[in-house]
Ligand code: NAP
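First comes one chain, alone, set out as structure tokens in the form predicted on its own.
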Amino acid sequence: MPLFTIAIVGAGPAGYFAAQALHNLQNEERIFAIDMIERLPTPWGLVRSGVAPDHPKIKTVAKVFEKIAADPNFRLFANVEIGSEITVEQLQEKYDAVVIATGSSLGKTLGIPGENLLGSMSAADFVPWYNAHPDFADIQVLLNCDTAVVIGAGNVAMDVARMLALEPSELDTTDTADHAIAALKTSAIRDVYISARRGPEHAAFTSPELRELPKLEHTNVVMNKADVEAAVVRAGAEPEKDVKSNLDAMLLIADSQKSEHERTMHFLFQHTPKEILGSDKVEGIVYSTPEGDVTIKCGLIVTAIGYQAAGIDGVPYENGKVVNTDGRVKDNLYVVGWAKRGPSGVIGTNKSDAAAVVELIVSDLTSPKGSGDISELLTNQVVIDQFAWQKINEAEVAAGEAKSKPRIKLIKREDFQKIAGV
């Protein structure tokens, strides 16, 4: 029976769903041996380092990933970076197909004056900081101000604003990084503004996220009802289903506003960032609005206006994505997930996306090349395989159980290697 070898670069949702799709297409004519290669010491991608810690249900998809990883023809090679010692071209020579599933890790910028001031940062840095990403544990987050501004109208912006506006003790039972909980408990921030360039009808929030906001126990949520009512009119008599659901949720927020808490999330619509004020650090932001310019004094600004893919040598990129046609890149190189289509959809969106690309891969395969194997290229790298990752995973969960948390995440690479015994 023909055995085809597939390398998947990136151990996030898109990579695992691609592996799952390959497993589903195995039959008496073909079997797939899958090697998944990940730059970080840990797999799971955004499920580990992107999903908000106060949304643990979303993280249960990791159980699906572990089931995929249990297949005898699946191998994990974590702590291995492609593009330095090992090239994409080398993978293409060794494997029947190579799938790029590296996501989009770089935050897009506003391109306005003052954006580089201390206190202005991207959600692409802030989110992995509170999620215990090894590369972001030591970044500086200015929490010694009373007001923060989050720029963006999607779920990432919502997560960032909520993390800043929550009573920090609410995070004690989550897997938020210990350093982030400690910092947030000393935070002086009491007002968080979340701003969108366009009206409520164009917001990219999802309605479940919006409907959770009135349930926050220690945070006021303020939304101008007139803004939402005007958006309802602009949306027309038959708005799209998700738009209507969002506007209905926003009306509920506007009708159930609280004022008794010391922490408040404020929503601003039709506010276009114009300039960030300050000499050596952020002191405020100027917005252009339909009524004229508006200035908000603040000490922290987090932009959540989209992501773009980080480049890998040997892979063509354009406009923050891998250049591709329906997932085909060139020769036996393919791409799935955010690296393919840009940062859109939810985690589950990657499943149908990956399945469609895998069908293309299978249709392109003719006869196996032979023994696709990355092992002989790994001469100078400490590899964390599936067995080693399971040891890390079990240690984190056990440490969390002692403190009524889902897990306590390791952060330093040497700690991962020590626990893994590699």
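Numbers follow the displayed sequence, beginning with 1. Just so you know, these numbers come straight off a predicted model, no measurement behind them.
Just so it is clear, the following notes concern the form predicted in complex with the named molecule, a form of the same protein that is not shown.
For the three marked residues, 189, 266 and 400, no heavy atom of any sits within 4.5 Å of the named molecule in the predicted complex.
In plain terms, the part of the chain that comes close to the named molecule in the predicted complex, with a heavy atom within 4.5 Å, is 345-353 out of 311-319, 69-77, 94-102, 345-353. Taking the partner from elsewhere, residue 281 is found to have every heavy atom lying beyond 4.5 Å of the named molecule in the predicted complex. Not displayed here, the named molecule is kept clear of residue 252 by more than 4.5 Å at the level of heavy atoms in the predicted complex. When contacts are judged by a 4.5 Å heavy atom cut-off, residue 125 does not count as touching the named molecule in the predicted complex. At a distance threshold of 4.5 angstroms between non-hydrogen atoms, residue 204 is in contact with the named molecule in the predicted complex. The contact with the named molecule in the predicted complex, taken as any heavy atom within 4.5 Å, belongs to 305 out of 333, 296, 305, 86. Screening 151, 300, 82, 228 for any heavy atom within 4.5 Å of the named molecule in the predicted complex leaves a single hit, 151. Shown without its partner, the chain has 197, 198, 202, 204, 209 in segment 195-223 as residues with a non-hydrogen atom within 4.5 angstroms of the named molecule in the predicted complex.
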